[in-house]
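Before any questions on how it binds or moves, here is one chain, the form predicted on its own, in structure tokens.
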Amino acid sequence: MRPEYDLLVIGGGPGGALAASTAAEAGLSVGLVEKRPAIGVPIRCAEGVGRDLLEEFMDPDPAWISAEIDRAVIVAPDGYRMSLEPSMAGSEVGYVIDRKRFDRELVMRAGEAGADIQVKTRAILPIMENGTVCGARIEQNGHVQDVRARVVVAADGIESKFSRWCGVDTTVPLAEIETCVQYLMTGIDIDEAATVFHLGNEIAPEGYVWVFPKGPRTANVGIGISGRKSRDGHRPIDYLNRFVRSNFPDGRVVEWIMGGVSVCPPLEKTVADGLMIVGDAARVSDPITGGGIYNAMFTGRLAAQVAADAIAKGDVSAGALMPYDSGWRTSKLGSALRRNYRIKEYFIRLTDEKLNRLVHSISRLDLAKFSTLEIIKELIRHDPGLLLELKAIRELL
């Protein structure tokens, strides 16, 4: 790598890739390091993304689209299935993508824009001077070098190590991390145009099971449960195996992955002197769904835009970088994160009986568009009995 860049990006996921490509297109010298030997692997994602959200950044490419989704199905604990057709499904209408190809496409775009891409290369320490992050010590194939940068973007995922080395507490509380396991299964009967979400404390305590199509008779079948619910005999893989035996007994597992996703509030501050934190590293994944592709891309692009302006002005202090932090917090994304965290805290405490009642009630609503906000509004209007149940989150509407 070069010994110095305007912007150094730690991590080659969607957030890091968008930061790198945006900065390079703005004329900055950019280095991106990814600790794994290949971009996009291992996959730690259900791979779903809304059509409108994705198209804010790019046109979809059939090369990395595994399935087009036109409806969502929610399955209550009692087995009742509520189908959300295209006019209602909102951000659930979209794509299940191939993250291996998708992530590589994003990073290749950064490379084409002029960013220096290095894989199997890890940041092992920050370079700090008078409390300011000035780059990173980089290790590649046993060779260690110091790479200086005017701004460093930490895009290294949940509980970002790099940010923690810089003095930012990125620890996610056990109760607010979803522990996840996912199988890629084939030979199963599925609706190839629908994402399916199974709710219930018996099958996924404080979480849900998902079935996301990946092609004919093939799907990502996964589960996320609260970290505080995971214990011997009740680990995510135990719940997932029981679900698979019951629903897809003849299916074949051709790949499986595990990981975690934060469902807590974002970091209190996502900038420091010379440092910006994006994507899962900033804990901006959706507290209800755990989805983070769009959120990472949004924060990655915004971070690069702010960094370019700060560098041009010769000031990369935390104060100069704060338009990034305030920018995403005051955006539609930031508002949704705040609202969805409060709603999540309510829903994870519901009994299966109340979950059944909610799903049945929602299915009777006349919604122009399906969204968390619209559901709550309509439930309050149509079901007076639920009004008291929902009073704790009415102020969010």
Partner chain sequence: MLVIRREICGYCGCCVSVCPRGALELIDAYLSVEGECSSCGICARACPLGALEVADEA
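Worth saying up front: this structure is predicted, and the values here are computed from it rather than measured. Residue numbers count along the first chain shown, from 1.
The discussion below concerns the form predicted together with the partner chain, not included here.
inquiry  = Between the partner chain and 170, 228 and 235, in the model of the complex, does every residue show a non-hydrogen atom at 4.5 Å or closer?
reply    = Yes, the whole candidate spot contacts the partner chain.
request  = Note which of 205, 327, 251, 260 lies within 4.5 Å of the partner chain in the model of the complex, where distance is taken over heavy atoms; exactly one does.
outcome  = Of the listed residues, the single hit is 260.
inquiry  = To verify the annotation, which of these, 342, 51, 44, 357, has a non-hydrogen atom within 4.5 Å of the partner chain in the model of the complex?
reply    = So the residue touching the partner chain in the model of the complex, by this definition, is 44.
inquiry  = If contact means a heavy atom within 4.5 Å, which one of 159-167, 318-326, 68-76, 107-115 is the stretch that engages the partner chain in the model of the complex?
reply    = Stretch with heavy atoms near the partner: 159-167.
ask   = Applying a 4.5 Å heavy atom distance criterion, does residue 27 contact the partner chain in the model of the complex?
value = No, no contact at 4.5 Å.
ask   = Might residue 177 be said to contact the partner chain in the model of the complex, defining contact as any heavy atom within 4.5 Å?
value = Contact with the partner chain, yes.
message = Is residue 122 near the partner chain? Define near as a heavy atom within 4.5 Å, in the model of the complex.
response = It does: once the partner chain is placed as it appears in the model of the complex, residue 122 has a heavy atom within 4.5 Å of it.
message = Please tell me whether any heavy atom belonging to residue 181 falls inside 4.5 Å of a heavy atom of the partner chain, as the geometry stands in the model of the complex.
response = Residue 181: yes, in contact with the partner chain in the model of the complex.
task = Can you tell me which bits of 207-224 touch the partner chain in the model of the complex, meaning any heavy atom within 4.5 Å?
result = The stretch does not touch the partner at all.
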